[in-house]
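What follows is one chain in structure tokens, specifically the form predicted on its own.
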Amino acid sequence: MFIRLENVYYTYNLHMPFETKALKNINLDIKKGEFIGLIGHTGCGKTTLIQHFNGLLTPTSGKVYVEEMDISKKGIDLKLIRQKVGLVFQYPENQIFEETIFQEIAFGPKKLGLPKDEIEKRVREALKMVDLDYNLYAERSPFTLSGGEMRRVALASILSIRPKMLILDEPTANLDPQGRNKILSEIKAIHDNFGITVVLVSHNMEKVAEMVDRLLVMNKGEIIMDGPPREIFAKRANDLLKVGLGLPQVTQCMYELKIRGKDLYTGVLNVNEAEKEILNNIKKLNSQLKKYERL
């Protein structure tokens, strides 16, 4: 198991008038190589949870293990943990500070004490992973880039330390559709091509559900659902709606048709799958109608 949480609770402002229980009895296993979507309303505990994965926050009670190391234990090397578990915050472009893109991406490898040739190799590698040409971008100022490009540079700066796990907190926030699709396709390619464990945090299931293998749904500091997106949409669509989380539009359409008496599978993730399911349903109805006419 790559990451394991056991009975994790976290409380902000403990024993103070504004005490807030952010996480409640979280038990979670994440295997190496998984692609996980973490969804829920703003304020449900998503960001608090992921900050436990690399020791930015320590549980009020409970245990967090990274590759079987108890990361809240005294003397643990958190620098090593944060090499293994790279966290890209929401609006990471706001944390860019170097004069050139090369320097920005090289910052992490320099802190690791790597030699110059290895640093350059990692910068080239990281830029390639986010589909930015080294020759065109390395010496440019990151502050001349578009919002989507800046976000990809921020992602490259984490990739340059070669993490085993990549956590992205709302990576598409405030991007236009083209920028959103670009960065999501790159995240998918990074997972598929390099086997990096990915946790993608979002409040929007529309695109995430189609990409991930496993969906975690949070509500009021608890994980209330955990499973493949298809299974959750097929069996627990009503529960999602009860906690105020919208389904992807195509899934919502299939769910509404089922409510109206159509015998349809609701665990579809895109329009092509919905079309196939509806056509199969029509064929089935035609077949039943022909049988009825022969009687």
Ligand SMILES: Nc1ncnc2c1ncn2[C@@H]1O[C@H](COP(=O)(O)OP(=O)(O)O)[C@@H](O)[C@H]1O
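All of these numbers come straight from a predicted model, not from anything done at the bench. All residue numbers refer to positions in the sequence shown, first residue = 1.
The form predicted together with the ligand is left out here; the points below concern that form.
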Could you confirm whether Gly246 comes within 4.5 Å of the ligand in the model of the complex, counting heavy atoms only?
-> no
Looking at the partner-bound form in the model of the complex, is Ile278 within 4.5 Å of the ligand by any heavy atom?
-> no
Is there a heavy atom of His52 lying 4.5 Å or less from a heavy atom of the ligand in the model of the complex?
-> no
Can you check whether Ala274 is within 4.5 Å of the ligand in the model of the complex, heavy atom basis?
-> no
Contacting member of Val64, Cys44, Val268, Ile232, with respect to the ligand in the model of the complex [4.5 Å, heavy atom] = Cys44
Only one of 66 to 74, 258 to 266, 236 to 244, 35 to 43 sits within 4.5 Å of the ligand in the model of the complex by heavy atom distance, namely 35 to 43
Contacts with the ligand in the model of the complex, stretch 1 to 35 (heavy atom within 4.5 Å) = Tyr12, Asn13, Thr20, Ala22
